[in-house]
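Next up: the same protein chain in two forms, each one alone, written as structure tokens (structure 1, then structure 2).
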Structure 1
Amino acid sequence: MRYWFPYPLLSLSLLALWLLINQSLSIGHILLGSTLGISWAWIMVNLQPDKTRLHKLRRIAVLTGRVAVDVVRSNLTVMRVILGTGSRPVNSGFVAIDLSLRDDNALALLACILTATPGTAWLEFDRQTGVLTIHVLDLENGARWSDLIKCRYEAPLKEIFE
């Protein structure tokens, strides 16, 4: 089974992508999409991406909800900073975070989350020491940011990916 369908999740996503782009659910498109999904998964074998298994699907839903809330909240914060209506002067700065997350796909997802959230920008990740450097636009307290990212994102990502 694993031999014929090397990346089942990728094949399913490609099928969904195909159906969304063509905006149809006809048998023909489902067949064509499945064939393309399976054959592209075969091509991916040559690229040898890291295989990850997703655990605890409920945690994914919780994490998604949490990220959505954070994106809205930080959008408002950054708008307030740019328009200069905040109550105190803005001090931005760098925060170094000691991550214990090592899975490549989990790190990529963390990068997407941190980037999609305005106000935090992923700058550098050191693979040897596991130190992540981010830049925070409105820094109140560096240690608080470090804890926030560790508890809010890193812990659930660890549970999902490892």
Structure 2
Amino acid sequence: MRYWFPYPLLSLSLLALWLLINQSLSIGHILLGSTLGISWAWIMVNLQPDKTRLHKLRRIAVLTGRVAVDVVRSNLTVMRVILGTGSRPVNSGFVAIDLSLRDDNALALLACILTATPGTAWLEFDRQTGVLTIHVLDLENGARWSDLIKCRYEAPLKEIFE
């Protein structure tokens, strides 16, 4: 049974996503979604992702809340920048951040968080030096951004994943 369904939650999640995207519960869509879900699970077996053990699960809820608040704040800030209601000109720029985070899954989640937050974009992460480069739409202070990411995101991710 484990051979046919190596990642059952992944297969079920992909099936559910397929059905939601197509907005249909027809037999054809269920069969096609199931086939795609099982196929992608087999592909994941061949990729051999690292197994991660999560620690301090309560921190996940705190991190999720922080991300939700930050996404709303960033949406409002980007809206002000686009509409030109700010009192100063926009100064976009790049920020280099020294990260001590090394878990691949934690880094992937950090990339998702930064990319999902309007006004920021993950550009590059150098594994040898641990330096992350991001682009910020409205950059006032690069050191403030570095501290914000290290305290609000990196610290909880380290507690959860390492």
Partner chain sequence: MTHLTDLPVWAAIPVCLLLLGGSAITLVGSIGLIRLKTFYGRLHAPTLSSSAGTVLICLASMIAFAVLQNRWIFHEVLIIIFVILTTPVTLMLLGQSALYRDRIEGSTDVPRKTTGPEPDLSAIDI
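Numbers given to residues start at 1 and step along the sequence of structure 1. Quick caveat: nothing in here was measured; it's all calculated off a predicted structure. We call the rigid core the largest set of C-alpha positions that still match within 1.5 Å between the two forms.
task: Please state whether structure 1 or structure 2 is the form predicted together with the partner chain.
output: Form predicted together with the partner chain: structure 1.
message: Aligning on the core only, does the CA of Cys151 end up 2 angstroms or more away between structure 1 and structure 2?
response: Superposed on the core, Cys151 moves its C-alpha less than 2 Å between structure 1 and structure 2.
- request: Superpose on the rigid core, then tell me if the C-alpha of Ser100 is displaced by 2 angstroms or more between structure 1 and structure 2.
  value: Stays below the 2 Å threshold, so no.
- prompt: For His29, is the C-alpha shift between structure 1 and structure 2 2 Å or more after core superposition?
  reply: After core superposition, the C-alpha of His29 moves 2 Å or more between structure 1 and structure 2.
message: After superposing on the rigid core, how much does the Cα of Leu19 shift between structure 1 and structure 2, in Å?
response: Residue shift at the C-alpha: 9.8 Å.
task: Mind pulling the C-alpha shift for Leu9 between structure 1 and structure 2, with the rigid core superposed, in Å?
output: With the rigid core fitted, the alpha carbon of Leu9 is displaced 6.7 Å between structure 1 and structure 2.
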